[in-house]
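Single chain ahead, by itself, as structure tokens, in the form predicted alone.
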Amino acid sequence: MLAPVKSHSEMNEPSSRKLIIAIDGPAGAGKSTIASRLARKLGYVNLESGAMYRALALKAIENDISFDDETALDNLAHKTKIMLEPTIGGNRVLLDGRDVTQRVRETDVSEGASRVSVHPKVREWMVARQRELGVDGGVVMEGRDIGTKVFPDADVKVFLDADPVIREQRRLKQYSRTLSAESMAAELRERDRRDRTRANSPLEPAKDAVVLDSTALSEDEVLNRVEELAQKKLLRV
């Protein structure tokens, strides 16, 4: 079970049409940062699909369940409650009521999330929960199959990419205390391979997505471009 949340600005605003914004892309492209900042600017909820998969992977670790055991992972998911609580500094991740925000960002959990996410039954459960959260709009959701699978009718779809070397450098800044440059590069290449070649919902741009290469762009430049897409859409709804 995944409990829905609303931002303070959402609750205080008058009822109106709110967008579903999907931001997909590979690890290290910057989608989590952009989604978080855009959600704050628009007064929307930032739904991190990656955090959801990491929370389930953490629970699998804690219960000594293999990342390759699809049936056991599916059963575990149906006994799990994940909540994302928006804060000024980003989402708090609650796993069965316990704050695991920092733990799910650690390398072993991130690696586990990538392996957990390849299973069709797990993805089916996650997609159902994600759709429940975003059905009324007012959400910015980032992941790897949001625009193609979770919300194929999203109002705004962005596929955020970057040169692999740049993505490796960005990830290394996040995990420099736990991984060497060589280990990070190997981990990122393996994750790209799994994401792009899995049979169920492989990583690829939606046909109607705006593909944005962030290699030579600053964080603010990327944010401005995505916000422009959202504002243009808001003028038409």
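Model, not experiment: these values are computed from the prediction. Numbers for residues come from their place in the sequence shown, where the first is 1.
Quick note: we don't show the form predicted in complex with ligand DC, though the next part is all about it.
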## Note on the structure
Only one of 87 to 95, 67 to 75, 110 to 118, 158 to 166 sits within 4.5 Å of ligand DC in the predicted complex by heavy atom distance, namely 110 to 118
### Task
Assess the spot marked by 105, 146 and 191: is ligand DC within 4.5 Å of a heavy atom from every one of these residues in the predicted complex?
yes
### Query
Looking in the predicted complex, any heavy atom of residue 51 within 4.5 Å of ligand DC?
yes
### Query
Would residue 59 sit within 4.5 Å of ligand DC in the predicted complex, counting heavy atoms only?
no
### Query
Taking the shortest heavy atom distance, is residue 123 within 4.5 Å of ligand DC in the predicted complex?
yes
### Exercise: residue 40 in contact with ligand DC in the predicted complex, heavy atom 4.5 Å
no
#### Entry: Residues within stretch 188 to 206 having a non-hydrogen atom within 4.5 Å of ligand DC in the predicted complex
191, 195, 198
